[in-house]
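Have a look below at one chain only, the form predicted on its own, in structure tokens format.
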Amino acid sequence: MSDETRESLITDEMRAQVGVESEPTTLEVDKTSVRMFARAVGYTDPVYYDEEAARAAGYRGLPAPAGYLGTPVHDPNRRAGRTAQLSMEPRRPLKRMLNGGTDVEYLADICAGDVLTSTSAVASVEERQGRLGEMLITTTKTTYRNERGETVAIMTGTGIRY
């Protein structure tokens, strides 16, 4: 079967999911988690550990280290749903998955004590031919807002199935 006659990997259901926003997730940014994340990734700047140092540097409190966007609040009474990206199945099976990269754009400071709300949406679904065969590339955008409704970060993630 030639490329011209091959049916697209992308289903109508997948196309319909593009731009559909997920249910919100609540995330807490607390002092202990800020310190633990900073320690885990090897940050030694005192602003991540000492509140006085953080305030002297112009922060409201301990700043969230790059890459840490809060800890999701678990609610045992709320059924967790899978993201649209993970639940969409292509027309033909693709058995392998790869993280194609994650980019975070920070728009404001995130500090200990903040409560964030995130929502995600599939931004695009594309198919390509790679060295190993067919690939399905899904780009997802997650927006993080603080308790005042201000957008503080936007994460763009790319998933590759092949």
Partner chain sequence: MGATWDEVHEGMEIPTLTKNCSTQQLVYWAAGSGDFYQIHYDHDFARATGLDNIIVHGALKHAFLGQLLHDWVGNEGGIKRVGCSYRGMDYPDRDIRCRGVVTRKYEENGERLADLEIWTENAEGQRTTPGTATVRLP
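The model shown is predicted, which means the values in this text are computed figures rather than measured ones. Numbering follows the first chain given and starts at 1.
Form predicted together with its partner chain: not shown, discussed below.
This chain is displayed without its partner chain, yet in the predicted bound form the stretch 105 to 113 from 23 to 31, 133 to 141, 118 to 126, 105 to 113 comes within 4.5 Å of it by heavy atoms. At a distance threshold of 4.5 angstroms between non-hydrogen atoms, residue 45 is in contact with its partner chain in the predicted bound form. Although the partner is absent from this view, residue 55 stays clear of its partner chain in the predicted bound form, with no non-hydrogen atom inside 4.5 angstroms. For residue 39, a non-hydrogen atom is located within 4.5 Å of its partner chain in the predicted bound form, even though that partner is not displayed.
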